[in-house]
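The chain below stands alone and is given in structure tokens; this is the form predicted alone.
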Amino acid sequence: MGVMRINVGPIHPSTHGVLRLIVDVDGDTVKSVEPRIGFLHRGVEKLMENRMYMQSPSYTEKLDYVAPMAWDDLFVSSVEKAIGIEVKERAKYARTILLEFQRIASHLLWLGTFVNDNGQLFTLFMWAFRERAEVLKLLEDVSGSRMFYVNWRLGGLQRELPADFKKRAYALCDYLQQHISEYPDLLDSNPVFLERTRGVGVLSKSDAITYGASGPVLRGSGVAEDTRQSEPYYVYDKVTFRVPIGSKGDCYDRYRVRYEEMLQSIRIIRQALDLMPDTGDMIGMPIRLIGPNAKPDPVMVRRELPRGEGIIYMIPDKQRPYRIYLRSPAFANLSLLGRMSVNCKFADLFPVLGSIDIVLAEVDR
């Protein structure tokens, strides 16, 4: 029959972003996949270079609508490092707790849509969104917004945590632990889910390292690299947690890594709540349209985002970034789709793509 070229997409934004795949198939077997991106490119880096420092968090949050707080943290932390602002002690605990709740919310959305996009287990889709809704309720009460929070301020947060925050956070951890622990009973007993994920989209450890994978994609291939442990920030050096890894690097391992990460996030939150001081200010500086008095040195900040390692390299100026570069983990992970999909069946292309967990606004920037 010979090789046939198929255009998959461009896909509508409601399916995680606008993406086009050029796929060569021999019968039903995938021979090559070339992602074509850029449909959502907005020139965010150039926009940020023309704004005062604290006018930009609203841009970074919209890079990833699933985990906006994580990108907010990455940018504000880079400004803090450039200007030399120390984060208040109590705010370090608050940021750690909120970032881990954000990670759980992100993984829950991924898991629900992953099983649903592959035509299975609408029940788990509803469960995952039920749990995610509870997390979003807490984040909304903390920040005043349900989706885009813009809650970070230089040195702390926009406002104090609610008076009953600790009580609600402990209760939410118990709720999440109870319900998330039920997921494997449904997934690991489902032959369709196992057939579509085990041995599908295998990414070797060497390829994952060579091509710059990070986050669950890298850890699913057996590499125990997590910025929260290798380069701790906030209070990650004061809590203990395990970095889950896979052994085969397939779609199933990437699912298990994200599932285990949610349980580890609950563990981190509980420890941080235990250690967080009951007194002390956590309010950061108000938004100002001015920068440092002198031109700081270039800075680079790394953070473990839900999709992998995000990096900001910034050459600061007195009032705004002279140059800023955003390293998107989803961009690097998407570049591996071709290697992960070779010799898969065409129908398996979609579980493989889903297992990467991309947000196209972050990829295109």
Partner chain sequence: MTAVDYGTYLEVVYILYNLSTRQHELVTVKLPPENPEIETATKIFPAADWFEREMSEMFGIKIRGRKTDRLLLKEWNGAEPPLRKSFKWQNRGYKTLE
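Numbering follows the first chain given and starts at 1. Please read these numbers as outputs of a predicted model, since none were measured by experiment.
Just so it is clear, the following notes concern the form predicted in complex with the partner chain, a form of the same protein that is not shown.
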Lys46: touches the partner chain in the model of the complex, heavy atom cutoff 4.5 angstroms: yes
Determine whether any heavy atom of Pro35 comes within 4.5 Å of a heavy atom of the partner chain in the model of the complex, and answer yes or no. yes
So, Gly222 and the partner chain: in the model of the complex, are they within 4.5 Å at any heavy atom pair? no
Consider Leu136 of the chain shown here, and say whether it contacts the partner chain in the model of the complex, taking contact as heavy atoms within 4.5 Å. no
Of 86-94, 256-264, 226-234, 101-109, which is the one stretch near the partner chain in the model of the complex, taking non-hydrogen atoms within 4.5 angstroms as near? 226-234
State yes only if every one of Pro184, Arg196 and Phe346 has a non-hydrogen atom within 4.5 Å of the partner chain in the model of the complex; otherwise state no. no
Answer with one of Phe241, Tyr175, Phe165, Tyr211: the residue that has a non-hydrogen atom within 4.5 Å of the partner chain in the model of the complex. Tyr211
Though the partner chain is not shown, can you say which of Leu334, Met54, Val30, Ala70 has a heavy atom within 4.5 Å of it in the model of the complex? Leu334
Taking the partner chain in the model of the complex, which residues of 190-204 have any heavy atom within 4.5 Å of it? none
